[in-house]
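This document starts with one chain, in the form predicted on its own, laid out as structure tokens.
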Amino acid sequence: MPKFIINGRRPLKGEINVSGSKNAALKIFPAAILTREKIRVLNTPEIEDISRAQEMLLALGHEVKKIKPGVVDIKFNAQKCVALPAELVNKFRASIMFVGPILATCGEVRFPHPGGCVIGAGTRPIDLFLDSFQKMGAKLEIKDGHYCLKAKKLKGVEIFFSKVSVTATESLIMTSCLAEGETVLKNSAMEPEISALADFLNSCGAKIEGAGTPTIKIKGVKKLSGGEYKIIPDRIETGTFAMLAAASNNGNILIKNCEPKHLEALWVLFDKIGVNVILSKDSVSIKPAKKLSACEVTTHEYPGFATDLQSAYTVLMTQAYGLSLIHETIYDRRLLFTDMLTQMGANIIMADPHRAIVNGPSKLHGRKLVSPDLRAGMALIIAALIAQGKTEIDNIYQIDRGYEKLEERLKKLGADIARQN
């Protein structure tokens, strides 16, 4: 099984480019089901989750062609089936995003419970999706471990999400585009990826208003056309690289091709901590700081502090002076990786499954580790890069799910990192 071998404490400096957003790209592939015309996707990240999404479209009968690195063409060929292959559904959580578009276009869809990493596999219920589809007129049957949804024609309705959910909001936006009448989504998520998806669908003929606000209105149309979609920069990757630069604190690092305006909650924290950061329209520059001060954080839906940045921030706090409380409000298991940080020498106390207290600064030391999930795996890489000695990180498939050619980009900064098969 592939693993990363990292020798820490190397000076890091230079430039690193941000890839296209994983979370935005994963939604454009199911959105392609809504039209029979060609869609060209630009700035596509070449990561494992995107490969699974492409495989899903191919299994359903669509054409997917890589024109060149980062450019993919998608075209309807012939809908082979309405059943999502279990071997693909079990590999990535975002498979749930294919359900709504298939239901809207074919009137029927069958699928097992979505899988993914430990954060997503079987622990994040899909009730918001199922309840919403049923409210739009679909009939649900659960048989032999599979869900089956059927609907002759979906109807526009008013849906209030009992919990703010990015994927549920995006799924219902797509599904409602071809429904009869108007659908109103309340208590919707407001992430930039949602606005990007709505902008693209509108360019294809959809009628969506209010994306990026808690109330979104979608007027159903008879069909959508094709179009071109340039994926926005990955804000989670931007924030993660910024925290890597701040934690290493030994060189000037310029993060390019990003959207700093999507990370205002992080920049406010950086000001409190004392990170030497300079923001421009499409780049972030991190320079060495005299001292980093501890600061507590609570994860929150956008525009609050993203849960996907919490793991990296926890590592950063091991290098800050004082006590910091990390309060994870979104996912139960996201703080469990801190046990591996304590093995490396961090002073961390788990108050309960949702809160950890970090006492810094701590000198970290290399260890043999296993990546538990995508974001924690990346956080362990940051910890390894600032630790003394050699670290081995196994199960890096989880990291490859979300970060394109990671070791190549980190090497350009001066990191001593190698992939070992």
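Fair warning: this is a prediction, and the values are worked out from it, not measured in the lab. Numbers follow the displayed sequence, beginning with 1.
Beyond what is shown, the protein has a form predicted in complex with a small molecule; the following relates to that form.
Asks: In the model of the complex, which of 133-141, 329-337, 253-261, 70-78 comes within 4.5 Å of the small molecule (heavy atoms)?
Replies: Contact-bearing stretch, as computed: 329-337.
Asks: Report whether all of A320, G345 and I386 sit within 4.5 Å of the small molecule in the model of the complex, measuring from non-hydrogen atoms.
Replies: No, the whole trio is out of contact, none within 4.5 Å by any heavy atom.
Asks: Wondering, does A94 line up within 4.5 Å of the small molecule in the model of the complex on heavy atoms?
Replies: A94: yes, in contact with the small molecule in the model of the complex.
Asks: Using heavy atoms and a 4.5 Å limit, would one call P125 a contact residue for the small molecule in the model of the complex?
Replies: Although the small molecule is absent here, P125 would touch it in the model of the complex, with heavy atoms inside 4.5 Å.
Asks: S188: heavy atom within 4.5 Å of the small molecule in the model of the complex?
Replies: The answer is no: S188 has no heavy atom within 4.5 Å of the small molecule.
Asks: Please determine whether H62 contacts the small molecule in the model of the complex, using a 4.5 Å cut-off between heavy atoms.
Replies: It does not: once the small molecule is placed as it appears in the model of the complex, H62 has no heavy atom within 4.5 Å of it.
Asks: Just one of N202, T307, T105, N249 has a heavy atom within 4.5 Å of the small molecule in the model of the complex. Which one?
Replies: It is T307.
Asks: Could you spot which one of K163, K152, K291, K207 gets a heavy atom to within 4.5 Å of the small molecule in the model of the complex?
Replies: None of the others qualify; the residue that does is K163.
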